[in-house]
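Below you will find one chain, with nothing else, as structure tokens; this is the form predicted alone, and questions on how it binds or moves follow later.
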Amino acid sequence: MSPTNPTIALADGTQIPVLALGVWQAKDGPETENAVRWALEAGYRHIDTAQAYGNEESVGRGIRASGVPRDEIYVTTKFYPESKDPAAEAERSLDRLGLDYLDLYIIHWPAGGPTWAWPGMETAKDKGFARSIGVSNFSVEELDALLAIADQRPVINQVQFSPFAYRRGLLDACTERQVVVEAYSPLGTGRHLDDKKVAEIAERVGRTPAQVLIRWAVQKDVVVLPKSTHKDRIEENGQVFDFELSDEDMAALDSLDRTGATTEARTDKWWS
């Protein structure tokens, strides 16, 4: 494990970098290409995109422009569950990305129920399109329904997760099931940066609010994917492995939770 690029072991024997660049809402074209290139130049080694984002081609161009060897980069994309065939869509994603394989392929949300797409996800892995497979926005109940029918278990559950959305019940259940939690919106799409308690901790430890929120997730042993398209913020968000938050600061951040330690991944299930 590198001090600048730590990884977490997944249940299938692979390793996933703790820090990722997310590109949700990043515009296709130079905005996404530059963000990906800047992140990789800053030391990130994990890029997270999705079929629904419409920017996979730009992610691929950014990867190639960075000059970082493919085998040093962990690439995630997500199956859009309004489509029908996860394996066929994985192959299309590879074409758009200009890659030979995905490191991680996950179901973006459980539209139509938690189990129907999983055989196709397993096919995508069996065909070599993806080295690991997982899910996103799955509650404990949905995850258990999937585990009951899966031949190959999901290794990741990517969910909204931050001190303000500290889904402790979901995290504990995933840990028990050897499913790593991956945190999206760790900064609350910017909303959490102005919180008074976060700001007080950031001032005391000599870091920015964003770094404090990302570091909190790192110390929860989850993968974390802050999104930015600004070079200075991308670099800042990556500088979280050379300090630690105290137990007191972690507890203070834990207390910001607004979910009641839920086992649910979302309160607004837009796909229902």
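As the structure is a prediction and not an experimental result, all values here were calculated from the model. A residue's number is simply how far along the shown sequence it sits, counting from 1.
The following text describes the form predicted in complex with a small molecule, which does not appear among the structures shown.
Segment that reaches the small molecule in the predicted bound form - one of 229 to 237, 199 to 207, 56 to 64, 215 to 223, heavy atoms within 4.5 Å: Partner-contacting stretch among the options: 229 to 237.
field: Of Cys174, Leu187, Leu94, Ala124, the one that lies within 4.5 Å of the small molecule in the predicted bound form (heavy atoms)
entry: Contact with the small molecule in the predicted bound form is made by Leu187 alone.
- prompt: Looking at Ile73, Leu193, Leu147, Ala88, which has any heavy atom no more than 4.5 Å from the small molecule in the predicted bound form?
  reply: Residue within 4.5 Å of the partner: Leu193.
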